[in-house]
Structures are given as structure tokens and as C-alpha cells.
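One chain follows as C-alpha cells, the form predicted alone.
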């Protein structure tokens, strides 16, 4: 249903000139995210302050208009696609770092600040914020929090949930709330901060966040280890994670990915390699050599073909070039690949990879795997031509079996990409009916009219 003139007039009165789009052509681009799904919004608003967000949400409640909050649209699951039209609330102009407090190791920022800008602001004082998604240069803080997006450093430093102390937010009912604390300890009340983080904008719109900063390590070393097979690499991952030196990154590439890189980028990698690990260790220069030796000893399991430690920045870049060559290689072979980010316990990675190989053969679909081995977060890529009806149908069945395999291995369907639209209908495979009912009740408490990012994250509530 088109937006009423009364609503549009009131909406215009809440925003500065240039902060509202209503022409269909102007609004069109805000119906996409990186999932390539699309639904056209009726209007796009660009608030700049918390109080504007409060007023906008209350206006939408008064007129029963759906609200879809978004940052820069880098998500891959359709979580910012406005499936019911209505108002897209783009937070990209709420882009200020409000305060850096190095004495207390905190940074306060609005949701439209990019991850890179946060790192630069913290870095000027000798700190960093641990979450580091691949899209850090363009993705926003609000999106990082909405998805609980982490990146490679999560293996040592944790996800946004572990690195955010408090939030200012607006519920789906238009109520202004504050959650959490300004200190690293605090147990007063329920932990709404961790509840809102990862909720994909279905409970509340984050307008401000208090981030916990970490001192930048004085030094870092990079290693690359190559293995004859996946079982050997997984054994190495388990051994590395069992000893006291926790790497700040532990990335994995499977044999299919290695062969693809060799063919596409002509990288210096041995033929027949079954897996590759990229390992980074950070800390004090005084103890770093010994830490690297401990990690190398753990990594040198049976089946290890080679292990290299970079001595210079040029060598670091050369080692990482292999990993960086993977995404371009994938794009050139399958520009419309299906990319999932499942997680299994580290010890069960070999079973996952073996099972994925079986599914690849059964469905005649190439599957390439890489990801964050230190916490079992593997990116599973189904390389298909979606314009081929046979492949598209096979991919649908294969994906269902991928998820079933992950759950049999005590895993979870998403580690950091979120649920959105793409995985919503699979959620009930992982979460039982009573738990889902409780989640729907929480949603109703935050958003009684169901206007805030509808149709995302949870499957429809069971009929009562």
C-alpha cells in the first residue's frame, strides 16, 4: 500500500532537507544488500541524531509503516531488504566517533561509522577494536553489531558481543533505551546489550555504542603451513588451539581452493596439497619468538608438508597473497556462488570437509571451503550457474543437506553472516519450538506491531 500523504508530510517535517528520498528511482538502490535480493522501499530516511530516530519510529507506529534499518548494505543474507516496502531507515549519516577515552579503554560511536574509521580513531591512541570483517573499509559499526560480525581476530579477541559494553537504542515501539555499562564489570539487570547485538535490527535500532578497546600488540608474526590432507590440517588446528599461545588469526583453505588459486593466480603452492593454514601470532617482542616456536611445534603434525615464517613485511604480504587470491578466483569462476558461513566444533572440521566432498560428488556441484579454522567457522561456497535449472535445483537440495550435516556435527548454521531472509526458513532445524516461541515473545515485547525489520531472522510464529 502506498504511503499516505499525511505520513509523508509528517516524515518530511522530521528531517533536514536532503535527508529524505521518496522518488522510486532514488529509493531503488536502498532495496538491495549484497545478497542481491531486492524489494523496493517507498521512502528512505537519513536520520542524523538519536531523537530523530525516536520520532521516525513513533511516526511509523502511528501509521503502521514497516521500518527496515540499514547501514551500507554489505550483508549477504537479505537482512536489509525491505520486503514490505515502507520506510528504509539508513543510518549511514549517523557517522561520528563521539568520544575516545583511552584511560578507560572505551570508544563511543554512532552506528554509521565504518569499521575502518573506528580502527583509525582507536589506533591514534594505541588501541584497536577487535572485530575486523573483510569489508571493514566500508561496513558500518551498526551492521557489525546487528550481525555480530567478527572476522579472523575473533579466535583470540572475540566477537562484537565480547567487545561492546553498552548501547543506546530505539525499540520497535519507539522507546529510547540504554543497555549495559561503561565499565568492564556490571551485572545489574538483564543483559540486553548481548540480546540486541546479533538481532539483525528486529528488536531495536542501535544509535550509539560503547566499545571496549584493546591495546595494539607491539609485534606480529605470520606463518603459512601446508598439509597433505584435511585431516592433518584439522589435527594441527586442534593442537594449536590446545597449547597456551592463542593465535590472533588461524585461517583455513581446503584442497579444492588451493587448486583453484594455483590455476587462476599461478601461486607457488605444491600440487596435491590437501589444506593450507594461515597463522598469525601477536604479542610482546620479547616473547614473540618463543610463542612462534610453540605454535610451529604444534602445527608440525604428521602430514605437514611445509611451514614458513615470514621475516619481513614483504614476506608477510607474499604469504597472505595466497589467501587474498581466493575471492577473485572464485568470482571469476562462479560470480553467482552460494556462500554459507557454518560453524562446527574444531575437532569435527575433518568430518565436515569429508561430508561436503561427498555432497559435492552426489550433486555434481563444486564446493570450495575456507574460513576461520580456530573457531570452526568455515565458509562453504557452492559454485553454480543459477541460470542452469538443473544446477539451481541441485544446489537447493545440496544446501539443505549441508545444513543437516552441520547440525549432525553439533554445529550452527551461521557464525557471522547472520540469518536475514536467506537462512530464515532453516532456523527451525536448529532451534526447537519452545525456544522459538520465547524468541517471538521477546520480539513482540520490543516491537508490538511487528514493524521493525519484518520477516527477518526468525521463521513465522506458529499459529496458536
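Residue numbers count along the first chain shown, from 1. Model, not experiment: these values are computed from the prediction.
Although not depicted, the form predicted in complex with a further copy of the same chain is the subject of the following passage.
- Query: Exactly one of 55, 414, 35, 61 has a non-hydrogen atom within 4.5 Å of a further copy of the same chain in the predicted bound form; which residue is it?
  - Reply: Of 55, 414, 35, 61, the residue with a heavy atom within 4.5 Å of a further copy of the same chain in the predicted bound form is 414.
- Item | Option touching a further copy of the same chain, based on a heavy atom within 4.5 Å in the predicted bound form, out of 333, 316, 177, 138 | Among 333, 316, 177, 138, a heavy atom within 4.5 Å of a further copy of the same chain in the predicted bound form occurs only for 177.
- Which among 196-204, 224-232, 89-97, 384-392 is in contact with a further copy of the same chain in the predicted bound form, heavy atoms within 4.5 angstroms? Heavy atoms within 4.5 Å of a further copy of the same chain in the predicted bound form occur in 196-204.
- Query: Quick one: does residue 425 come within 4.5 Å of a further copy of the same chain in the predicted bound form, counting heavy atoms only?
  - Reply: Although a further copy of the same chain is absent here, residue 425 would stay clear of it in the predicted bound form, with no heavy atoms inside 4.5 Å.
- Message: Since only the chain is shown here, I'm wondering whether residue 47 would be in contact with a further copy of the same chain in the predicted bound form (any heavy atom pair within 4.5 Å).
- Response: Flag for residue 47 set to no.
- Query: Even though a further copy of the same chain is not shown here, does residue 418 get within 4.5 Å of it in the predicted bound form, heavy atoms only?
  - Reply: Residue 418: contacts a further copy of the same chain in the predicted bound form.
- Verify the contact flag for residue 396: yes if a non-hydrogen atom of it lies within 4.5 Å of a non-hydrogen atom of a further copy of the same chain in the predicted bound form, no if not. No, residue 396 stays farther than 4.5 Å from a further copy of the same chain in the predicted bound form.
- Message: Whether 39, 114 and 257 jointly form a contact site for a further copy of the same chain in the predicted bound form is the question; each needs a heavy atom within 4.5 Å.
- Response: No, none of the three is in contact.
- Item | Interface residues of 137-152 toward a further copy of the same chain, as seen in the predicted bound form [heavy atoms, 4.5 Å] | Contacts from 137-152: 147, 148, 150, 151.
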